[in-house]
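Presented below, as structure tokens, is a lone chain in the form predicted alone.
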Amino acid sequence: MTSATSSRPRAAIILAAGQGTRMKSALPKVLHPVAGMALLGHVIAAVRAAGVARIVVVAAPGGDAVRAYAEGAGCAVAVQDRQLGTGHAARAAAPALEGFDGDVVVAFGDSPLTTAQTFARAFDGAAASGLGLVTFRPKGGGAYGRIVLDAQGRFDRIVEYKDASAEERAIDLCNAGILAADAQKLFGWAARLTSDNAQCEYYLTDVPALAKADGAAPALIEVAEEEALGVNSRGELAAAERIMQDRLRAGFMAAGVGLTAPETVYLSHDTVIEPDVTIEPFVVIAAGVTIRGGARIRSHSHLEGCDIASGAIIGPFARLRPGAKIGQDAHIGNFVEVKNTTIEAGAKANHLTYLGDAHVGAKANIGAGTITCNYDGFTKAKTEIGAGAFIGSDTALVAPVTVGAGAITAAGSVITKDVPADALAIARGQQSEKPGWAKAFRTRKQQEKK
């Protein structure tokens, strides 16, 4: 959402140079996922939704993975050559925004829960008073910078927790670390920062006091505590995931999606679900899934990179992999896996089946135990199953192969040649019997044990 308060151009500086050592991971902290998207990706998406056109991501030296992600998302990258605090990191972005005539917001790449509305409010605060500062009130206090107010209840200064007195630590209004201001003024204030503090770092939190001294009374924007959550550990990553999932679930239910046990359903940042879809318990929806109105996703199913048409029934215990396209009123049942396959309207595969690199025609019936043998260790080949075809139980379809419309394959067949439309294909060995053989076998084995 963009704001109508100011028409000035908007930019963002996203700080992403932290080491993230508490994550104990080879993956950079800001690239850990929440709801299927990197922490940094959520911040980029939110500032863009607030009307930001130019984004600079501040990365650490050697942060190639962060650089690649940021540039892939259309952002510029600046390098903070030394870890000397948030103010020093903001300075590093100045060359990338040289000559920029507009407002800039400073955000954190490890805070995926900050909303576009909050960034827009920060810009509004900058337009109204010269600087917008985001604040929150943590329930448990915490080691956050405190917002000190003057006798009239206006902003006075920010004091970092490590530098705060006992009286200052008792203040419940805290700094979320997000601020917005005119870009050139912000860089001017950042250039005046000193490192005279307990950490010997350049604190971005000293900028509002400099702004006040220059006559820009900071506007305080208070938000819910969850929006200020930064991810620094695996526990905090899990907490962010819980909150994001709750947001997604609530949004879909408000839009008319039925979740019978919402706390057990996991969604992705890009999930598309239309009204009147019903999702049963313990369903995981990974990236790239679209579910059309009236479909039902039954319990314990896993969906990724697939498109499900209206009226389709998926599961229980179904797996749809990337490239699966399930047609209107089609049925994909228990322990059925579908990958890179189109299932046309009304077709059914109800039991214990693998369909990969295939096309299944309308109203075809796929029997239990059917397998498309699509991979020979080097290449993948396609299976075509015509409309109205009946694939008998335990059929192996060795691709490339076509089963014509209305054709039937006998149960237990291994189909290696094309089957004409309306034909019956039988491809299995002849059954033979040896009377008495089983009894003689048991007798011999029992004697061998003596």
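Numbers for residues come from their place in the sequence shown, where the first is 1. Predicted model, so just to flag it, every value in this text is computed and none were measured.
This protein has a second form, the form predicted in complex with a small molecule, left out of what is shown; the following refers to that one.
Shown without its partner, this chain lists 86, 114, 341, 353 as candidates; in the model of the complex, only 86 has a non-hydrogen atom within 4.5 angstroms of the small molecule.
Exactly one listed residue, out of 80, 365, 301, 129, brings a non-hydrogen atom to within 4.5 Å of the small molecule in the model of the complex: 80. Contact annotation for residue 189: none of its heavy atoms lies within 4.5 Å of the small molecule in the model of the complex. Within 4.5 Å of any heavy atom of the small molecule in the model of the complex lies no heavy atom of residue 306. By the criterion of a heavy atom within 4.5 Å, residue 218 is excluded from the residues contacting the small molecule in the model of the complex. The shortest heavy atom separation between residue 124 and the small molecule in the model of the complex exceeds 4.5 Å.
Only one of 106-114, 331-339, 180-188, 285-293 lies within 4.5 Å of the small molecule in the model of the complex by heavy atoms, and it is 106-114.
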